[in-house]
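Heads up, what comes next is one protein chain in two forms, each shown on its own as C-alpha cells, labelled structure 1 and structure 2.
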Structure 1
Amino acid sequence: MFRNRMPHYEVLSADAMATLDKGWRRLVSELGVEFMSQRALDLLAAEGQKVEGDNVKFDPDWILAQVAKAPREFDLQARNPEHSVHVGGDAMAFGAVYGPPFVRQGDVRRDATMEDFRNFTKLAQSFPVLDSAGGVICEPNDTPLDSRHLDMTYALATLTDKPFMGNVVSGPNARDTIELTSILLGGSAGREAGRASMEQTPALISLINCNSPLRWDDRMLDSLFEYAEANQAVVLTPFILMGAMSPVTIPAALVQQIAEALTGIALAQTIRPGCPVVFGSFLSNIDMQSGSPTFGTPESGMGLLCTGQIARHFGLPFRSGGTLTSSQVPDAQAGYEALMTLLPTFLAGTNWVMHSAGWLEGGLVAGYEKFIVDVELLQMMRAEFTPLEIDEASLAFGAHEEVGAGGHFLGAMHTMERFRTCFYRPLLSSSDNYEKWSRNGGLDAAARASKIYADRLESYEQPPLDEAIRQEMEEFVVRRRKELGD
C-alpha cells in the first residue's frame, strides 16, 4: 500500500461542481435509473422512492442521506496481516488487470487458461508494488463456466496472502466466495470465526458494474446484496465509454457517472447501513471513426482527475485508473497510453486502482510482458510521488566542502553512504551503453520483460497456509462443483 502525500490535483471550480450537482439531481429525479431486481425495487419503494416498473425516480436528498452513512475510509484484511490495506484517505492500493478472456505471451495471442490465471496470481504475489492480485485476472476458458469461480477464488486464496476481489457473476457465486474466504480466515477456530472476522473487518472487495446508461442489472445486484449483507466492500462502478454509453462531452459523462454511482451506493447503504463502499469510475471514450474503445486518452485522463475531486466532495473513497492501453502488443503505444492513465491516477490520489498490471488491447488481453512493463511504471510512479525529505543531511553542504569547485562527487563520503539507495533502480529499463547492450543480445523492453516474468515464476514461493485450511477449502470446492453439475 502506498501513502500518496502529494497534494491532489483538482480541476473543477466551485461553480463547475455546482453545475454537475444540478445535472445528476435532474437525471435521478426526472429520468430515473433502472434496477432489474424486484428485491431492489421493493427495498427502494419501501424507502419512499418512486418506482415505475423497473425505473426508480429518486429524491436526490434521500440519496445523499444514504451516501452519508458510508465510511470515508476502511481497512481490508488479508490472511497475512502484513498485507492488509487501508482504502481511502491518502492510501493507494493496486491490483492486477481484471477480466480479459485472452492472454499474450510473446508473439502468441490465445485463449486464457487456468494455468495463466495461476501464473498471473503468482506474479502479483511476487511484486510488493501490487497490493492485490485482483479478481478475474484473466478468464480461464479451459474450466467449466458454472464452477470456474471456485477454482479462481481457491487460487487467489492459496497462491497469494494478499487481499483479493470477489466473484460477481451471480448471487450464488458471491456466496461461494464469502464461504471460501470465511474458511480461509477462520483457521483452527472454524468458519464461523472467519465470518465474524469478516464482519468486523472486510476481507473481500468486489466490483459491481452498472450497465450504463442508467441501468443496474440483476446479476450484479444479486451479488451486491450478498456482499453488502456480509459487510464486504463493494466498488459501485459506472462503465462509461463516451460516445457509446454516455454523451460525448466530459461534463455529461461525469453527471451520468455521479447519478449511477450514487444510486448504487445508496442502495448498498439501504441494504446494510455503514457497509464499506467505493465510488467507482471506468471512464474513457470511443474512436468516433471506427467505434472502437480507446484508452489512455486525454479525455479519460481529464475524467479521472475530475472523478477524484467528485468522490472527495461526497466523502467517499474512489476507484479508477490503471495502466490502460488500446495497443495490441507491449510496444511504445502501450507504454505511453499506460502512463497517460497512470499519471492522473497518482495525481488524483486514487484509492483502489484496478488494471494496474497486464492490461492490453482494450482489456481483452492479459499480457505477460505488459505485466512487467506496468510493474516498472508503478514502481517509478511511487518513487516520483514520494515527497522529498529536505533537511541538513540531504542538503549535503559537507559534500561541497569535501569536493570543492570543479571536482566530482562520485567518491565523496556523502555519495558513498547513499549510493545504494539514493536513486530508483530499474527492474526493466536498460541504461547500458550500446556496445554492452549489443553484447547482451540487443533486447528491447518486451524481450527483457519476457525473461523477468519467467524468472519470477521460476523463483515463486507459495505463502504458507495451514494444511487443514487448505483441505477444507478443497473439499468445499469439490462439493460445490458437484452441486453445480460440473
Structure 2
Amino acid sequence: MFRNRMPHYEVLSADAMATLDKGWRRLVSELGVEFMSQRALDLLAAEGQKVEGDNVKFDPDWILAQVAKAPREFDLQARNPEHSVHVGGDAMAFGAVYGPPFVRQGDVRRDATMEDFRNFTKLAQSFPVLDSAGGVICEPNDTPLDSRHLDMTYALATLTDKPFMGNVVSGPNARDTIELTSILLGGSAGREAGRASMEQTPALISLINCNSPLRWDDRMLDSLFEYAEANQAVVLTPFILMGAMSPVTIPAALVQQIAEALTGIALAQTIRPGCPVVFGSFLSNIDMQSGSPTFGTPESGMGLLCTGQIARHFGLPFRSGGTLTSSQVPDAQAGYEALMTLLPTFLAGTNWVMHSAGWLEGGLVAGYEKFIVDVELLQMMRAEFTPLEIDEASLAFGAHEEVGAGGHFLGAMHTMERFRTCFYRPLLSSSDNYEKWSRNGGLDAAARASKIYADRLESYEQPPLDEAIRQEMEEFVVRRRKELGD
C-alpha cells in the first residue's frame, strides 16, 4: 500500500491551534452534544457526563482521556492478506465513492442498479491503486431495500479480495455485515474462528456520520455499538456543509468538527476501550446564493489541510478527501475540482480516503468515466508524493559528458537504462500530437475513459474463493432475506 513520506503541509500556527482547542472545549462543555440513543446516554451518564434529555455536556478532559485509549494506528485485514491495509501513520488507503443513488455512463444518467454496484466493485478490484471498493459504491435501487445490505456485502466479499466497509443503516444490518464477514474470514475453520480473527484484527471499517450540528442519530449510534463492541473500525465523521450544518466561518466549522468527532470517539472508547477509530471529516460548503452543496472549493481545500493537522494533534488516524466535484459530467470542472480535493488530501497526510473514484454531481452520481479520471489522479498523486532520492549518482554527470551542450538525451546510455520506469506512465491522459490524436478519433478524456472502463470490466478476473465459504455466505443471505420479508 502507499506510504506518504512527503512532508505534511501544515497551515495552523500553535496560537491558532490553541484557539481551536479552547473553542471545542467550550462547545462540548457549555452547549453539549445530542445523542439520540438511550444506551449512549446511559453509558455517558455512568461516566459522569452531564446528561439532560438527549443533550450531554462533557468534561473536555474526560473526552481527551477517552480519546487517548484509541490506537494511533491499526491494521485492517482483507481476506487476501496481500490486500490488508494499515490505517494511520504515513499510510494512505483509498476507497471508491460511497452512497450515490444514480450512475452516469456517457450521456446517460439513470438510477443505479445492482449490476452497476457489481461493475464498480469489479473496477475497484482491478485497479491496484484502490485499496478498497468502499461500501455503498452506489445504491442498488433494483434490490429490496431491507435486504440490500446483504446483496452489497456479498458482492464486496466475493468480487473483491480487498477490505470493505460495513453497512450502517441499522444495528441489525451491522450485525449481518459482521456475520457475513466472519463466514468469509473463518474459512474451513468456521465462522467462530472468523469472528475471533476479526476481533484480533479488524476486517470492517464503517462510516458513522454525525447529524451535524452537534447531534448523533439513533441508527448511526446503533451501528456504532455493533461495530465497536466487535472491535471493528469506525470512522466518526462530522458531515458539514458550511453555511448549512455549521456557521459560515471555517474556524467555526473546524471547532464544531472537533467537538463532534471527539465526542463520537469518546463514546466508542467507552463502549469498548481501545477499539480502532478514525477522526473523520467531510467538510465543504454550500453555494450561499442557491443553497446547493459545492465541492472542490477553496474553503474545502483549506478545511482539509487544517483538519489533517488537527487529527494529528489528537494522535488519531484521519479520514477525509477524495475526488469530490459538483460537476454534472466528467468535464474540465470535474477534473479540476477532483484535484482541488485530492491534492490537499495528500498534503494533509490523510489515512483513510473515501470517495476516491467515481464521485460526480455532488455525490449523487457514480460516474463510470469519472472513475477512470480519478484512478489516473490517484496514480499521479502517488507518483508525485514519492520523495526524490538525491545523491551523487542521481545527478547523472556522466550523461552530460556523453551528450554535451546543445545535445539531446533521448539516446544517451543513462536514458536507455531508465526510460521504461523513469516517468509516470498515464492511464488516461493523452500527449499525442494533434495529427495523431485526430486520426484516433479526436476523443476527449471522457470518451477515452469510456473505452478504458469497458476494457477493464471485460478483462476482470474474480479473485478465487473457496466454494464452501461462498455457499455458506449465500445461504446466510437467503435465510436473512427471508427473515427480513424480502
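Residue positions are counted from 1 along structure 1's sequence. Remember, it's a predicted structure, so these values are computed and weren't measured experimentally. Rigid core: the largest C-alpha set superposing within 1.5 Å between the two forms.
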For this session: May I ask which of the two structures is the form predicted in complex with another copy of the chain?
Result: 2
Exercise. Do you see a C-alpha shift of 2 Å or more at Pro128 between structures 1 and 2, with the core held fixed?
Worked result: no
Exercise. With both forms fit on the core, has Gly404 moved 2 Å or more by CA between structures 1 and 2?
Worked result: yes
